[in-house]
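A single chain, nothing else alongside it, follows as structure tokens in the form predicted on its own.
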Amino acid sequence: MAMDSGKHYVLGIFEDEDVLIQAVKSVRGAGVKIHEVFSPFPVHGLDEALGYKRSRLPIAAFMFGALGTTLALTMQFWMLGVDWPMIIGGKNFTPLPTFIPVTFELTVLLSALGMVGVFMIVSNLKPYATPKIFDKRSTDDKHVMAIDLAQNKMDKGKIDEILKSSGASEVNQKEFE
């Protein structure tokens, strides 16, 4: 279906989260690709119904944590053992037990900052980006299912019919430039 400039969306507005879960399953079962579902609160089972895969953010957290541990230990061994070794009370230059607090803190710091950075990059959250507001009621009491018309082969009338038969209280159209 050829569209003019801008993105055209069909919005299904739902009142209840149980109706929303069943609607997502029936809409996907009818072959309609759902762009996104917006909800004022977390809905248990929605990510499974939408077919989302498990997040790989824990892998990034582990990698950044390992980097933090490596940097902390390398930094401390270098500074206290090689670059500026000092004999303090006749003790070893590089006592590992005294390195544990700094190592722990740098591991946690880099893991947290790395996860935030990866999340912002993957979610396309840029400081200069303008968010698309599909329906303001999705922040208060309604659930909104957005369907991109450019990603679906069906015409708008058929998608409207599928949404209404799935329990949508209203069906609207939204256009972004």
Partner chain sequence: MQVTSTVRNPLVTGGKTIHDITEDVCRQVEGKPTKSWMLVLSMALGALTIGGYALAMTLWEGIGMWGLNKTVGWAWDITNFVWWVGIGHAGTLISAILLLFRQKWRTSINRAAEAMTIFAVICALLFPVIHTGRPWLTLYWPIPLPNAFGSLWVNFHSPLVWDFFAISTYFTVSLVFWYIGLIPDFATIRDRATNKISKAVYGALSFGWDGAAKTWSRYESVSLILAGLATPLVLSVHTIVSMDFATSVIPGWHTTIFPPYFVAGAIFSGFAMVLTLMIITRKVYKLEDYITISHIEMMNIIIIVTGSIVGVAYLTELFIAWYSGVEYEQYAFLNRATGPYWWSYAIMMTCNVVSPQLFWFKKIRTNIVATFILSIVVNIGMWFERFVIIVTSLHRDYVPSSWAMFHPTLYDMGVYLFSFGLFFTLFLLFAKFFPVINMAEVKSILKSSSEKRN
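By rigid core we mean the largest C-alpha set that fits within 1.5 Å across both forms. Numbering follows the first chain given and starts at 1. On a predicted model such as this, the values are computed, not experimentally measured, just so you know.
Although it is not shown, the form predicted together with the partner chain is what the next lines describe.
Engineer: Using a 4.5 Å heavy atom cut-off, state whether Pro42 contacts the partner chain in the predicted complex.
Structural biologist: Contact with the partner chain, yes.
Engineer: Asp148: heavy atom within 4.5 Å of the partner chain in the predicted complex?
Structural biologist: The answer is no: Asp148 has no heavy atom within 4.5 Å of the partner chain.
Engineer: Would Asp16 sit within 4.5 Å of the partner chain in the predicted complex, counting heavy atoms only?
Structural biologist: Asp16: yes, in contact with the partner chain in the predicted complex.
Engineer: Check Gly31 for me: does it contact the partner chain in the predicted complex (non-hydrogen atoms, 4.5 angstroms)?
Structural biologist: No - in the predicted complex, heavy atoms of Gly31 and the partner chain never come within 4.5 Å of each other.
Engineer: Counting heavy atoms only and using a 4.5 Å cut-off, do Ser26, Ile159 and Val171 all touch the partner chain in the predicted complex?
Structural biologist: No, none of the three is in contact.
Engineer: Taking the partner chain as it sits in the predicted complex, which residues of 140-168 have a non-hydrogen atom within 4.5 Å of it? Please list them.
Structural biologist: Sequence-ordered list: Asp140, Asp141.
Engineer: Once the core is superposed between this form and the one not shown, does Pro127 show a C-alpha displacement of at least 2 Å?
Structural biologist: Yes, because once the rigid core is superposed, the C-alpha of Pro127 moves 2 Å or more between this form and the one not shown.
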